[in-house]
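This document opens with one chain alone, in C-alpha cells, the form predicted on its own.
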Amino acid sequence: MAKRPEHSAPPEIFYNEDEAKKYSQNTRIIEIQEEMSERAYELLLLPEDESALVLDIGCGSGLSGSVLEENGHQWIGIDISQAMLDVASDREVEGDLILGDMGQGMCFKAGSFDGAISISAIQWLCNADKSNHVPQKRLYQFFTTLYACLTRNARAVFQFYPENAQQIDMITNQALRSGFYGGIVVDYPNSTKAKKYYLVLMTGGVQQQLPAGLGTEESNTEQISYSKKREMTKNIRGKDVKRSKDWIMHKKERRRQQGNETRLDSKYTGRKRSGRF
C-alpha cells in the first residue's frame, strides 16, 4: 500500500518544487483536481446570478480557484507551501494568494467570505508534525476562525481523504463544536478508486437536507448526519453538552447576537423530550 503523503513529511516540505510541478504538468493530476473542485463547487450552492467572494483553503496551484473563476466568482487562496503558490502565480490565477498555516486559524475580518472551498487539505491537520501540534486543538482553531469569517447562511465544502473512521469523527466533531452543522457526502461509496468524501458545513439559516452522493440511490447514501455526531460529544468535559440547559441558553444568546431568528425562552427550554435524541 502506498504511503499517505501526510505521513511522508509536513505539507510545507512534502509540496516542494518537484511535487508542485506535477500540478501544472501532470494531466492526470490536473484532471482529478478539477473534477473534485467542480463537485465541491456544486455542493457549495453559490448564487448563479451574482459574484461571490470565496476562501480557497489549501489552494495549492490554483486549480480549484480557476473553477471558481470560470463560474464568475472571486477568491482568495491560502496555502502553507510556497512552491505551490509559486506555481499558482506562474499560472497567473486571478485570486489573491496568501502563505499561511490553516491550523493557526483564518485571520480575516468577520463575515468576509460568502463561502469556502478546500481540496485535499484538511486531513493534514490530523497530523502532529511538530511537538506543539495537537490535532484536535488545531482543527478547533481552524473551524472557529473559519466560522467567524464566513457570512451567515454560507457554506464550506471540504474534499478530503480520511485515513479511517476515527479521523472522520475527529474532524466532524471539531466542526460541530465550532458552531457549524452539516455532514459528510460520499460519492461512489462502492468504488475503491472513485470514492470521494466531502464535508459540507453550513453556518446558519434553515437546516437543509444534504444531497445524495453521486453513484448512490438517495435512500442509500453514506452521509454522516450531525444528529448522530451529537451523541459522540456527550462525554466532552464530562457532560452532555448538547442536552444541557446552559448550553442551549448560551447557543440561543449567540444566535440573537448574530441577528438570527431565535425561539423565545420558555419553561420547556432544555427539557428532555421523549423519543428524541
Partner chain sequence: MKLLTYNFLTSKCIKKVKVGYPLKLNIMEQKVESTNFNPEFIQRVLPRLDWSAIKIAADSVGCQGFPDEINLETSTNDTELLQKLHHLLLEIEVVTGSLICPETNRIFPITNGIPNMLLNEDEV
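None of the values given here were measured: they were computed from a predicted structure. Numbering follows the first chain given and starts at 1.
Beyond what is shown, the protein has a form predicted together with its partner chain; the following relates to that form.
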query: Partner-contacting position among Q136, Q166, S89, S191 - heavy atom within 4.5 Å of its partner chain in the model of the complex; finding: S89
query: Residue among M106, A154, V185, V157 with a heavy atom within 4.5 Å of its partner chain in the model of the complex; finding: M106
query: Touches its partner chain in the model of the complex: A128 (any heavy atom, 4.5 Å); finding: no
query: Distance check, L97 to its partner chain in the model of the complex, heavy atom within 4.5 Å; finding: yes
query: Non-hydrogen atom contact L85 with its partner chain in the model of the complex at 4.5 angstroms; finding: yes
query: Contact of Q74 with its partner chain in the model of the complex (heavy atom, 4.5 Å); finding: yes
query: Its partner chain in the model of the complex: contacting segment from 191-199, 175-183, 158-166, 75-83, heavy atom within 4.5 Å; finding: 75-83
query: Residues in 45-63 close to its partner chain in the model of the complex, defined by a heavy atom within 4.5 Å, in order; finding: P47, E50, S51, A52, L53
